[in-house]
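Below you'll find only one chain, the form predicted alone, shown as structure tokens.
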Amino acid sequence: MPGLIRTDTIPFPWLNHMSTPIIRRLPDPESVSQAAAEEFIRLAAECISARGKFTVALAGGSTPKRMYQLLGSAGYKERVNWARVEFFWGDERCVPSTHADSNFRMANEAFLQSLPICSPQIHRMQAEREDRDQAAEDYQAEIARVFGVYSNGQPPAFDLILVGMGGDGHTLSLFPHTAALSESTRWVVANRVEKLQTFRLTFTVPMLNRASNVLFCVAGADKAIPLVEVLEGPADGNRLPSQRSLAGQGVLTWLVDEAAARELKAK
């Protein structure tokens, strides 16, 4: 398949038994968003056909926003059985849902409010609550309820977790050298991000790595150096949290534009 590179062509001496990512190089950010929308539609159809439901954790950022806009537009929207989709979020800023920085608000305005869905299908992180730890615990309980599992056990497997990668190598709100990276049992935590002088609610690494599919959308020249470090560099998951995804048990796909992929050895 054009644009598809498997990492058995890339030297990962530290990868061992970890998952082998699929890397698709695309011309520009718009192509990344289009490919992500198509992947969303494909997975939704497969999961709904197999189990009657599609569980997805949404992401913030400009590339996902464009993907959401496409999914909510004519030619895309009609291809998903939206009544069978359960929407969650992989992370959220500690702001009200109406705030300009809210990941929920972005997704809601980009496409959710235009879809034929009911409010019980939308599971928002209530990150604006004063007790952030309790908010994280309650979100874990909500995930458990929807998936029909115990909230104190192993995390369930989302059909799809959408993520991006920051210029510092972070993903979700798992920032370099933050406490959440050492969490091994909880699914959702309040994570202090010292360099931003704030807290975020975020999925943990165990939750990320249980997903059946993790889809990275990465675009822009500022991502070129961290991307090559994450995918082709030595293991350093505390400095480059996005590397933690390589230990997942599902399908890991990276959709990257040429500007972000320019330093990758594999062409």
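All residue numbers are counted from 1 along the displayed sequence. Everything numeric in this text was worked out from a predicted model, so none of it was measured.
As for the form predicted together with a small molecule, it is not shown, yet the points below apply to it.
Engineer: So the small molecule isn't shown here. In the predicted bound form, which residue out of G237, G233, G61, P29 has a non-hydrogen atom within 4.5 Å of it?
Structural biologist: In short, G61.
Engineer: Using a 4.5 Å cut on heavy atoms, which of G166, P156, P176, G72 is close to the small molecule in the predicted bound form?
Structural biologist: By the 4.5 Å heavy-atom cutoff, the listed residue in contact is G166.
Engineer: Counting only non-hydrogen atoms and a 4.5 angstroms cut-off, does N191 reach the small molecule in the predicted bound form?
Structural biologist: It does not: once the small molecule is placed as it appears in the predicted bound form, N191 has no heavy atom within 4.5 Å of it.
Engineer: In the predicted bound form, does R105 come within 4.5 Å of the small molecule, counting heavy atoms only?
Structural biologist: Taking the distances in the predicted bound form, the answer for R105 is no, it never comes within 4.5 Å of the small molecule.
Engineer: In the predicted bound form, does I161 have a heavy atom within 4.5 Å of the small molecule?
Structural biologist: I161: no, not in contact with the small molecule in the predicted bound form.
Engineer: Find out whether any non-hydrogen atom of R124 is located within 4.5 angstroms of the small molecule in the predicted bound form, and reply yes or no.
Structural biologist: Judged by the heavy-atom cut-off of 4.5 Å, R124 is well away from the small molecule in the predicted bound form.
Engineer: Where, among 107 to 115, 135 to 143, 183 to 191, 87 to 95, do residues come within 4.5 Å of the small molecule in the predicted bound form by heavy atom distance?
Structural biologist: One stretch meets the cut-off, namely 87 to 95.
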